[in-house]
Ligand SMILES: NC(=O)c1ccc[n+]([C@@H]2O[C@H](COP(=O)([O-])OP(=O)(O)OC[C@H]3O[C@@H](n4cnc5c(N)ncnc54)[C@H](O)[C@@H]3O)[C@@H](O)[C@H]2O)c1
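Shown here is one chain on its own, the form predicted alone, set out as structure tokens.
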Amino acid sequence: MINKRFWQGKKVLITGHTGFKGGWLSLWMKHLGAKVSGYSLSPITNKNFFNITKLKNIFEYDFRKNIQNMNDLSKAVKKIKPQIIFHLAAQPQVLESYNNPYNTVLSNTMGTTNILEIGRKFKFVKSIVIITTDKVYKNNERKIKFNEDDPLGGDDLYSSSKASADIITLSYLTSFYKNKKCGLAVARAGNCIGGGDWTKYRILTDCSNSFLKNKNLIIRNPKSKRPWQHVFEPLLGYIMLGEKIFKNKYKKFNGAWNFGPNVSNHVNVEQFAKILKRKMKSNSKLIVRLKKNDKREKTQLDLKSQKSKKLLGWRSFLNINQTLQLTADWYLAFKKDQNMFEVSKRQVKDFMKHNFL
């Protein structure tokens, strides 16, 4: 599924490398032998995957700049000369888009546009994967699975700005990339979880903070179901795409791709917390405290990933118990003050080994 020899010595730029998904992708790229560089703002939470794993040491270049600034981005890209770009830098949260709508729109639309312009400008760029979200689809809360051709949209500014970024990417593909020696794809995934995620407004953050200290956990939306998936699974899809579209050799791999979890991973928030509590061996009590919130995420959201399975050979390997076991193992190692870079690297290696990657 992954050609390890392909990645040896490849110059890879990851925007958003200080974030949760970007950090894990950076570690995986380094494991595959790529020369990894990053472009992002510094982590915004006190506890974060990037600093706890001391990930800074793996990068050829580590730029702490705003993706909205085209001049700074161009200067950095000239130095890095990346062959492959994974674009993850974004404002990644629904609730934060209500607090800071203007920056959400700028980051998610203009940041993406800047990367697409970089691909047009520099001939050494041969592959670009734009990471969006499963929330780009126009969602009327019907119980349907979304495929890549379904209409895009969004009621909140996070969803609509990511949908805009998605549409802009596909427009650039049609207008400028079809005959260019640079492949271009956009990837959509579900609710990614895993070790080292302390992002605000997320149930995993609340769970880890409570369970590590055996404090009570308050659950406000216990019956809300989410398409949980371990971060390794969509990252696998991104890596496969980056390889397949390289130099635009296989044009059928350009365009939009879904990387959703198995339906069996769709458990509600209360079930999620109970499973993780057990795996983290915590004595915390779960307290349900219902709260009406008119700024909630959509409750019905599911992706069809048949295209990825059929054409890429990608699939979702982990069930919900394996997903939460991997996650719990990481946080328990952190509690024991282990070397979290080595712990994280070992999880990547084990995932590849056990799933024949």
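Note that the structure is predicted; figures quoted are calculated from it, not measured. Residue indices: 1-based, along the sequence shown.
From this point on, the text means the form predicted in complex with the ligand, which you will not see here.
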Stretch in contact in the predicted bound form with the ligand, which is absent here, among 271-279, 85-93, 212-220, 120-128 (heavy atoms within 4.5 Å): 85-93
The ligand contact at G190 in the predicted bound form, heavy atom, 4.5 Å: yes
Proximity of Y177 to the ligand in the predicted bound form, heavy atoms at 4.5 Å: no
Non-hydrogen atom contact T18 with the ligand in the predicted bound form at 4.5 angstroms: yes
Contact label in the predicted bound form: L41 to the ligand, heavy atom within 4.5 Å: yes
Interface residue in the predicted bound form among R315, K307, K30, K65, criterion: non-hydrogen atom within 4.5 angstroms of the ligand: K65
Proximity to the ligand in the predicted bound form, single hit among S107, N265, T169, N114 (heavy atom within 4.5 Å): S107
In the predicted bound form, residues of 121-139 near the ligand [heavy atom within 4.5 Å]: I131, T132, T133
